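Here you get one chain, nothing else, as structure tokens; it is the form predicted on its own.
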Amino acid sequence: MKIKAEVLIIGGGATGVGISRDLALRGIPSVLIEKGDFASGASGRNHGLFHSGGRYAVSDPEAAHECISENKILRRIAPHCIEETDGFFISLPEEGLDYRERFLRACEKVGIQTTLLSRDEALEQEPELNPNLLSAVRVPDGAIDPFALVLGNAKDAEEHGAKILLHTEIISLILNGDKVKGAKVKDLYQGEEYFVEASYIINATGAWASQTLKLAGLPIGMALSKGSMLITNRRLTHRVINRCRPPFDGDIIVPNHTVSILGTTSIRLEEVENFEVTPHEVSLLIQETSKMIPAIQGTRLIRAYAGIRPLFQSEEKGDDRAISRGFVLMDHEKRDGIKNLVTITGGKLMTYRLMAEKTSDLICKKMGTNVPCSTHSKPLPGANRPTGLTERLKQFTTDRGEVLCDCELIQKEEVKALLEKEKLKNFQDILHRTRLAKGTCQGGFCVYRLFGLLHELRKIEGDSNKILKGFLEERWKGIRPVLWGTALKEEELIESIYKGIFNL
């Protein structure tokens, strides 16, 4: 089999699908390949922070300006993916107020709106805060659902003519003189190998950018920084809570649906695969975040996870936090003499749309066409849908049917509609498209109900026991690092259910 495309995009994270959508809206067809499901890399393994840019205002003003600019755009085009919580940067006695003054000046320079709150004002709005705090600065932070964002971009791209091939791995890039003729790829389910011929190739593989370029014999300076995060069993605050100091480990708490996410670390890795959260990181994150929210010390943790930040560096730096969070767009014609190859890397989830716009602008320039970007003004599919936990609860109480997931209020009928509409190849693909297994029981009480529905609809392929075991093994990786106290008791209960009822 052979597929011919105008543009081949490698990578199905936020940037890849953002480029696919941007090009599609300009009338330029593309084929996107992704070796897993959407958001399998950093796009699905972050702390869900809807950045104001405040975190980088002092140390990286360019990245901060990009964040606040995209913050305003995403509020317009993707309100259904965002919870507008606002955020506090709190000053604790051990830091004093020197950094706060630098922070306020830096925010003003890059256009981040701030409001200074006294200790009492901050505690009135967020009672769980450390009562010894000195003050707080309010910024327009929030929470974002990265899966909904990525899926919305992918849906709009396909509706405008893009072709997306999931679970399809790139094997090699075929060079022909000063151009890449195309790529040899493999369908990981069918085992079939085929060729995708393209006029232009875009490498949007994030932390895998260096591996992809090696297929063309090209080097790139990348630093792989692991960020580990913890999920609590309840929502600790309404707002995002940041520590008002230079970025460091354990200085941010993000409310996300019914839970809170504690983050993050920054640890240099040499390999992009097979990483895990260590006990030391768990202890460090609890120790540091509990200085902002003391109740964390006694809160049950339900999962630990980590993502890899793809940081581009032109020179070696000792501290990964010193590397800019801005993005880099590489035209390999200027850099390496390969005329039709482009790499986009670095950046953040917040700047995915801007990264896609700049990449698409470059492709248009190479094509000799001048079609303007429209992604800054055209809303994503579903933008008119009611948002937020309160709205979901209202809908749930007025139209209550059989429930699959009690933690996230997921009803059987909505999952059934999804399964009947989409051809999903993988069990994890279903979980990515719902909030099943993302709540406080981490799938312990809802996944077997989902299997019942899959059998009812005859949608299960292969040995369902094997698939269920695979899910439980993957889930165990995130639970093991936080297994003590009440978390241990719950895990013993869930283990007895799967052993006693399902004979696993």
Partner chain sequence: MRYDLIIIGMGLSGLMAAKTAAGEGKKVLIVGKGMGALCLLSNTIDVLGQFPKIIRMRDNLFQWIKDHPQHPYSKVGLEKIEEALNSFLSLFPPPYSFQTVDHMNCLIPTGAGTLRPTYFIPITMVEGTSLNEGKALIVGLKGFKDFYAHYVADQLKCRGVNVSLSDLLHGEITTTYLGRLMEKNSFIKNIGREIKKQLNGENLIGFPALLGVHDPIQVKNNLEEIIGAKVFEIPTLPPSIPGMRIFNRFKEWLIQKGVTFLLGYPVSKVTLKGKKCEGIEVSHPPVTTSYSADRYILASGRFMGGGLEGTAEKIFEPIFHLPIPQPQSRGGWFEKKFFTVSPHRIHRVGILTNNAFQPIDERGGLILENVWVAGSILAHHHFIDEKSREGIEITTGYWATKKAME
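Numbering follows the first chain given and starts at 1. Keep in mind that what you see is a predicted model, and the values were worked out from it rather than measured.
Another form, the form predicted together with the partner chain, is not on view; read the next lines as being about it.
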(message) Using a 4.5 Å heavy atom cut-off, which residue among 134, 216, 104, 403 comes into contact with the partner chain in the model of the complex?
(response) 403
(request) Can you check 277-285, 113-121, 333-341, 426-434 and let me know which stretch has heavy atoms within 4.5 Å of the partner chain in the model of the complex? (result) 277-285
(request) Determine whether any heavy atom of residue 497 comes within 4.5 Å of a heavy atom of the partner chain in the model of the complex, and answer yes or no. (result) yes
(message) residue 65 versus the partner chain, in the model of the complex: is there a non-hydrogen atom within 4.5 Å?
(response) no
(message) Taking any heavy atom pair closer than or equal to 4.5 Å as contact, tell me whether residue 1 reaches the partner chain in the model of the complex.
(response) no
(request) Answer yes if any heavy atom of residue 452 is within 4.5 Å of a heavy atom of the partner chain in the model of the complex; otherwise answer no. (result) yes
(request) At a 4.5 angstroms cut-off on non-hydrogen atoms, which residues of 452-483 are near the partner chain in the model of the complex? List them in order. (result) 452, 453, 455, 456, 458, 463, 464, 465, 468, 469, 472, 473, 476, 480, 481, 483
